[in-house]
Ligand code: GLN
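Quick setup: one chain, the form predicted alone, written in structure tokens, and binding and motion questions come after.
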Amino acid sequence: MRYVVVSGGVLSGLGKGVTASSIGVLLKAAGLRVTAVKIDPYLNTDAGTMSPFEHGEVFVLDDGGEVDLDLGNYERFLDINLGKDNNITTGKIYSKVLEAERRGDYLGKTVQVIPHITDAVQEWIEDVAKQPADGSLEEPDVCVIELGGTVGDIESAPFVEALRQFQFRVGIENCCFVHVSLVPVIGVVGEQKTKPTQHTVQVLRGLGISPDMLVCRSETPLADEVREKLALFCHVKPEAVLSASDVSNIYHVPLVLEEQGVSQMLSERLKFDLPDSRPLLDDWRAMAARVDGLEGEVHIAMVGKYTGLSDSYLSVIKSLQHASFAVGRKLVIDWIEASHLEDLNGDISEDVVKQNAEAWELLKKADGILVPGGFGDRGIEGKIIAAGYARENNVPYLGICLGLQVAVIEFCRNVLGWTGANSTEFDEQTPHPVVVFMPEISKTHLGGTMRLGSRATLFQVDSCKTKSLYGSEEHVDERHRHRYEVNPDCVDAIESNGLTFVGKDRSGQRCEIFELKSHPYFVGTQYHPEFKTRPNRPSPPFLGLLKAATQQ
């Protein structure tokens, strides 16, 4: 087993996840089976209870793991399916060690960070690196490990020490260290400054790890003299100082690294042969060029409550982008804060009126409307209004999880005439509880207690739009993350008025997909199809939305 460790310095958000994913693409193109591990130094057991405002999207895996969004990058870039153990957190490691201590596994020894915590980290990595991830039963050849946070943080110190020890545990010849850093551009003349990178590499080397490659993030490509200076001060070869400047689309990143000889350096460092032909890289070049060459726009109104932070909807955005590639249009997402669509209720302040007018202008000019998942009652009425506008005006609509639920609420209120229809999440006293709390879900513990992971949805009809988008399969396996569901007692009344639940779970009770008859595209899914999208294989419900929005 070979390992590539990607760390970061100076500040967070530099693109370690994309760098790790891109290195994985180059390794996969070389014919190796690749898996990935993300280390998050926070104390949370997983990302499940973390706010989207603070942490971005919670990515859900097949086995129900609620993990960091970078695992979504790995899955999309490498076309693999990971498990919850591929995301290591401080909380998981300390829980494992403390459970072992309580069992008496340490035979009365004092339990310490070194060796017990660091050993646990190394054992975890070795175990999970052996788990097949590409759909075969074959053990991977190489594991890409991303160390979250910034080198020098107190939180990440035990993991840095574990990785320092790890290189000797598995053999230095089987480990390659890649450090991502910032080279800021300062002043009118645009001088590239090397001091931040010098300092972060100094810290990393002081902790016992010498990087084999530097990936330098900058607005502009690295100047030759800057590359030479960094090589001199950071103890790496000049050719191993890699320029990672801004690119027109994310699919260029593996190609930029390849052009600088990364595949060759990896093959020399980790002792594997590069094949003469690498079709996967040809596919990436074609995809990057296709994305650059898209013409014509398609406007999708995204009606949500975290619209100021696009990371909160990262997989939804990627799904829309992948579908836009397939229909050959440039995607324009018009972000609409759901609460801005709501009735003013007498508030005629200038700012509120302006926000309302701007939100409605964006909604009315949209080619399609998407209401994504979410929690809490803020903006709910605005989402219900958006679903109603799409239904009444034949605007293509896709509702995901909560987006399905608000569309059902709107339908019951305005088509069935059930005044006050609502979800018990937002109104426990509603006279018409059309969305209800799932009976088996815990009301006392939030973490890991939702309906999570991959579940089967069986089509209930011989033909419908969604079934055809999925290739006319009889069932589909998609990932879930929810606590509330459509009330089974209301289904007959809803369906008799034209909103059909074309997909249900194996019990036939849980409503998973709806479609509205006599509408170009009015679809809702209780599951989250965005978690399984791929650049060359877009999620079917998103592809349907984009096809309808472009009248294809």
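Treat the numbers as computed from the prediction; the structure is a model and nothing was measured. One-based numbering along the sequence shown.
One more form of this protein, predicted in complex with the named molecule, exists but is not displayed; see below.
Note on contacts: among 141, 425, 258, 342, the single residue with a heavy atom within 4.5 Å of the named molecule in the model of the complex is 425.
The contact with the named molecule in the model of the complex, taken as any heavy atom within 4.5 Å, belongs to 481 out of 413, 481, 227, 92. By the criterion of a heavy atom within 4.5 Å, residue 401 is counted among the residues contacting the named molecule in the model of the complex. Using a 4.5 angstroms threshold between heavy atoms, residue 149 stays clear of the named molecule in the model of the complex. Although the partner is absent here, residue 532 is not a contact residue: none of its heavy atoms lies within 4.5 angstroms of the named molecule in the model of the complex.
The named molecule is not drawn, but in the model of the complex it has no heavy atom within 4.5 Å of residue 360. Shown alone, this chain has one stretch from 31-39, 483-491, 47-55, 503-511 that lies within 4.5 Å of the named molecule in the model of the complex by heavy atoms: 483-491. Although the named molecule is not shown here, in the model of the complex the stretch 370-392 places heavy atoms of 373, 374, 375 within 4.5 Å of it, in sequence order.
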